[in-house]
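First, one chain by itself in structure tokens, the form predicted on its own.
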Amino acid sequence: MKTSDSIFLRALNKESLKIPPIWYMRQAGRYMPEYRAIRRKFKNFLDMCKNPEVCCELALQPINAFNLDASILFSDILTIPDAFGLGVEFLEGEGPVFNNPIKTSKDITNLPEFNPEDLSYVYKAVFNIKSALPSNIPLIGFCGSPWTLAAYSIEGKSSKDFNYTRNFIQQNKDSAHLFLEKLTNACFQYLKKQVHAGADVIQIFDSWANLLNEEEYNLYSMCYIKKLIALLKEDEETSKIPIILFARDPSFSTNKMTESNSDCLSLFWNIDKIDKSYLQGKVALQGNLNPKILLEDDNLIKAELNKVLNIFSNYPGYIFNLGHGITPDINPDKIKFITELIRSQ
């Protein structure tokens, strides 16, 4: 079989399928004991991401365990800020910490030119994973949205409210937009290199969409996502690559996300008002079972799964996924159970 036979790619092409293709955000991760065995060998998570052979092994773990319909690059969205010299580290119990965060407008002006070759370890991982996958399993490459990368880079760490970032962009609007422009161009170059290395699909993670109201979102996030997708659609090498957009807990309607010109919308778990008549024919849809349901007993999982499948039944271009990533406390047997349940419909 060829990649073109993939039911995942067929769904992205907005075909109606009896059984939806399945993959999971964070399908390689701490919930798998085989992942934890490898993770223990690395003090800093980003060091693990810089090892292409290990990234290949980690990406293949859920494919081998659950026979999923798509693989995703094992990496992190903060590789680009790290390449800009912001000194990203992952500390146990704290998550990402930036040694050189953006604190002044001068820090943005003085950023070095982004060199995509600084992330050659990512493209090597893409190549390794693609080479190791069965020919009919496509590989998803990804990046963080420019806004999400900016939020982390300014805050200097993860945060519940990102107050420092919010104040910074209000007080340094021109510099904030300059930074977002730089990140947009870096994301384009980065994704283009991933496609060149073998990625069949791209996902853009707007993981901090929830920090912004609709007006702010248009100004600081959607504007730059649209620019990024336009660059990808206009480039000869990437123009035919399907693009998935994920926005975490957005303050706006799903219909608004279609303005991005992405090919598929990945829905957060709490999105229940879905205007299928508007979206049908415009975009494929991916999602959106609440990951926490997988902590419950099998009967409840089955009932909640059927609710999701019923919402999207007959939608041309539906991919089953969770409405966020698999959390470390989920039993791998539950992933196996739900995957087999979907395929038995």
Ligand code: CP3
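Quick note: we count residues from 1 along the sequence shown, nothing fancier. Computed from a prediction, not measured in an experiment: that's the story for all the values here.
One more form of this protein should be noted, the form predicted in complex with the ligand, which is absent from this view; the next part is about it.
- Among residues of the shown chain, residue 66 is not one whose heavy atoms approach the ligand to within 4.5 Å in the predicted complex.
- Among heavy atoms of residue 114, none comes within 4.5 Å of the ligand in the predicted complex.
- Although the partner is absent here, residue 77 is a contact residue: one of its heavy atoms lies within 4.5 angstroms of the ligand in the predicted complex.
- When the ligand is considered in the predicted complex, residue 207 lines it closely, a heavy atom lying within 4.5 Å.
- For the options 319, 28, 55, 289, the residue carrying a heavy atom within 4.5 angstroms of the ligand in the predicted complex is 28.
- Proximity to the ligand in the predicted complex, defined as a heavy atom within 4.5 Å, singles out one entry of 154, 72, 169, 243, which is 72.
- Look at 276-284, 39-47, 311-319, 298-306: in the predicted complex, residues with non-hydrogen atoms within 4.5 angstroms of the ligand sit in 39-47.
- For the partner-free chain shown, 142, 152, 158 of 131-158 come within 4.5 angstroms of the ligand in the predicted complex, judged by any non-hydrogen atom.
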